[in-house]
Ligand code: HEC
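Read the single chain below, which is given as structure tokens and is the form predicted alone.
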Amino acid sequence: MAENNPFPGENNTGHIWDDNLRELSNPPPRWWMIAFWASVLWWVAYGVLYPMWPTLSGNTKGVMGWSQMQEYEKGVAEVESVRAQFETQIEGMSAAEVLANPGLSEYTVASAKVLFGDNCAACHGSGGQGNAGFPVLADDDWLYGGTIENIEQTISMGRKGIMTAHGKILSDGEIDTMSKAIEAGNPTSDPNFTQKGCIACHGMDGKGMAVLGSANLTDGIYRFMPAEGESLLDSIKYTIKYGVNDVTEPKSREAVMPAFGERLSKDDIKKLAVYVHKFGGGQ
């Protein structure tokens, strides 16, 4: 092929395609070669200075003794040194006192964001907006009260309210009538509200009792919103008929807030209480 090279004197390999496409054998530019060998030297130097080469027991440590864990621990120590002054103050204060202190309150909101994300956001949403079947934390509707003390107690001890399945007490017609009265925000307009004992938990005015965690039936805010394809009236009927956390009724709704006092420190619970209160719905 080389003897038939139509480009004599050109530094090509003699491989010609389509009459004029050929493979040249020119050396790379000098700057490219310098950069190449410089990168090789840098690679060797890096392997000497830093951990790199695998060994039977792990890897070489490098003459500088650097490690990612050391870097991480150094960073954590720096963060902890900044946080220490705030954490020490929080340790000796109540949640209400932390909330009343502007500087500590601001720090707590910043530091508790991760706590909320790890422990609360899955159910209540990242901004306290709630998810299907879980309460909103950013409004003024609190089953057990919205003071900082109430919130702290709820987080620490958990909640598990019980509503009897009234399908055993009321007929379908009575459930329909009561559901419509509740949907209209006027549960006391139905005589059965009083006669069947609903006032024992929800109060004479139907506005609920924080000490029992019973819902306010007059404000149009519902713990259990309708499922897809279901009307609000149907959802209310279901709750009345099958109850909430009624162990005697297999179809009863489940509503349990776990006790975080079993997994979080007292200071973490204080922080979460302040964080939730600062959503704007705390009383």
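Since the model is a prediction, treat every value here as computed from it, not as a measurement. Start at 1 with the first residue shown and count on from there.
Beyond the structure shown, there is the form predicted in complex with this ligand, which is absent from this document and is the topic of what follows.
Trainee: Could you check which residue among T188, N101, N119, T177 gets a heavy atom within 4.5 Å of this ligand in the model of the complex?
Mentor: Looking at T188, N101, N119, T177 one by one, just N119 meets the 4.5 Å heavy-atom criterion.
Trainee: Should L143 be classed as touching this ligand in the model of the complex when contacts are defined as heavy atoms within 4.5 Å?
Mentor: Within the cut-off, so yes.
Trainee: Is there any non-hydrogen atom of G47 lying within 4.5 Å of this ligand in the model of the complex?
Mentor: Answer no; every heavy atom of G47 is more than 4.5 Å from this ligand in the model of the complex.
Trainee: Using the partner position in the model of the complex, report whether P258 sits within 4.5 Å of this ligand, counting heavy atoms only.
Mentor: Heavy-atom contact with this ligand at 4.5 Å: present for P258.
Trainee: Determine whether any heavy atom of A181 comes within 4.5 Å of a heavy atom of this ligand in the model of the complex, and answer yes or no.
Mentor: Heavy-atom contact with this ligand at 4.5 Å: absent for A181.
Trainee: Can you say which of 162-170, 88-96, 74-82, 104-112 gets within 4.5 Å of this ligand in the model of the complex, counting heavy atoms only?
Mentor: In the other structure, the partner sits against 162-170.
Trainee: Under the 4.5 Å heavy atom criterion, name the residues of 197-216 that approach this ligand in the model of the complex, in sequence order.
Mentor: G197, C198, C201, H202, L212, G213, S214, A215, in sequence order.
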